[in-house]
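Below you will find one chain, with nothing else, as structure tokens; this is the form predicted on its own, and questions on how it binds or moves follow later.
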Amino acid sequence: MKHRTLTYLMCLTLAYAIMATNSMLAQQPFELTDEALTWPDNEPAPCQPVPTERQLAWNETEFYAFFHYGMNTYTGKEWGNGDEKESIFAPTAAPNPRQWLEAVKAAGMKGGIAVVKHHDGFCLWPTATTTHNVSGAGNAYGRATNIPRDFAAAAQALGMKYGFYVSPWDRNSAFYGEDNYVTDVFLRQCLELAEYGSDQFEMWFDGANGGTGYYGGRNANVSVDASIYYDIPNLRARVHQIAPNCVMWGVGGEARWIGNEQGWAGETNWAMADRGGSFTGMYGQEQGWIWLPGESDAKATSGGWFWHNGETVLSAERLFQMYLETVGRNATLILNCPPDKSGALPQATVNRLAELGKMLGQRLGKDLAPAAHIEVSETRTAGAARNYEAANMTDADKDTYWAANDGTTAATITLTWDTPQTIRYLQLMEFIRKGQRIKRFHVEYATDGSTWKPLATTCETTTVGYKRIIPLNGSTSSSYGNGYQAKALRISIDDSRACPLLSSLSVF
């Protein structure tokens, strides 16, 4: 009986509590609100890893120049020992970075990297960090030289991107190998260079680190561990404070060396890698856990990186092949064009660069895709403010893209024209903001719109990434040819790491 009374009292207490709560709620204003959807645009989830905004902007530069100029131009060496007298640097005219940039712009390049300190430690600006700089040059032209200042000003005036190569290794410095070299010399040099323009797109750190050298008279062999010696995390953070869009290349850890200095990347080329892991720069790693895109450095001339008397310029056809095998394989191309002792590019180089620019315009200038009718096997369901239609691939807007639905890893894209078109190249671009996805695809064409024949059968049609250019005859060395008469072109994506996305599709 006692238990029943206790239960009754508990229920009565609960009832009074509910009544009191309801009374309080009734006195409160009641408001309806719309529930915000967490994924209103139905965007595909990122396929990790993905690039930073800084890396995206860097990738869009695509094709740019290297300008190796400095003490070695006047000694005829490639690697100075560091004991060269400052007076040897004696340009026969005022160095002209604007002429350098105008010449490479005519070739279709979007910017350039100027070497302002090589391994010999000689600085092409009046730095406060060392006396081994232009202040002690052998003539008035040399003493008035300030390459970072003039190069940045010229690039800004021409609407081009720019950055600087500064060697971590310094064969002149008496402090190299000691802690104060990093804090008092190298880091300060990088910060001085960053001050020459907050809009720099890349700072280039060579992989050569340590060895024999003058080292302020020590004439020693100095070894360092580049992975820790240069205090790169601190350097990267401080440079980014000044120049937020400046990618730190090589040792800096934001872009990788393709690895051959010959102007080619792997046909299968992932923009991912394991930092410090075992991988080949030409190919990257499909399962890499960081975004580390590749840059290919190559020489436009027959000599070394610096100008040498008697060197010649490679043919426009050879330079175009390099372009296809780098920019066309999900890498960037930095093409070296060395100024001579006058501080200007030789006229033969200028002429060849103009020839290359015309060739690029003729071969990859007229896009046939916008005039085609495009059909896809699947289109992702549109969201509130974004659609994923096939037309997004030909609208010239880098921020729109075609996409398949989640769970789909294979799809077809078919282009048809009313009349036959002469086709030679296919260009594809993934929306890499969401990660690199496509693993394998193949290409076919039809002369009658229905009977399909294979194309590019001798190419590895695997990865796409930021940009892939496929010579439809399968050859980068004889890629132009007579082309193919096609009323239809079909791209079949056979496998993908996640639902495929393409921001651009072009046919030339």
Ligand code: FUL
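A quick note: this is a predicted structure, and the numbers were derived from the prediction, not measured. All residue numbers refer to positions in the sequence shown, first residue = 1.
One more form of this protein, predicted together with beta-L-fucopyranose, exists but is not displayed; see below.
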Notebook entry, point to check: Would Glu261 count as touching beta-L-fucopyranose in the predicted complex under a 4.5 Å heavy atom rule?
Noted result: yes
Next item on the list: Although beta-L-fucopyranose is absent from this view, report whether Trp79 comes within 4.5 Å of it in the predicted complex, heavy atoms only.
Entry: yes
Check: Heavy atoms within 4.5 Å of beta-L-fucopyranose in the predicted complex: does Glu267 have any?
Finding: no
Check: Counting only non-hydrogen atoms and a 4.5 angstroms cut-off, does Asp297 reach beta-L-fucopyranose in the predicted complex?
Finding: yes
Checklist line | Which of 199-207, 238-246, 415-423, 342-350 sits within 4.5 Å of beta-L-fucopyranose in the predicted complex, heavy atom basis | finding: 199-207
Margin query: Give me the residue from Tyr388, Tyr181, Trp305, Tyr215 that has a heavy atom within 4.5 Å of beta-L-fucopyranose in the predicted complex.
Written below: Trp305
Next item on the list: Answer with one of Arg171, His118, Arg329, His132: the residue that has a non-hydrogen atom within 4.5 Å of beta-L-fucopyranose in the predicted complex.
Entry: His118
Checklist line | Contact set, 57-76 vs beta-L-fucopyranose in the predicted complex - heavy atom within 4.5 angstroms | finding: Phe66, His68
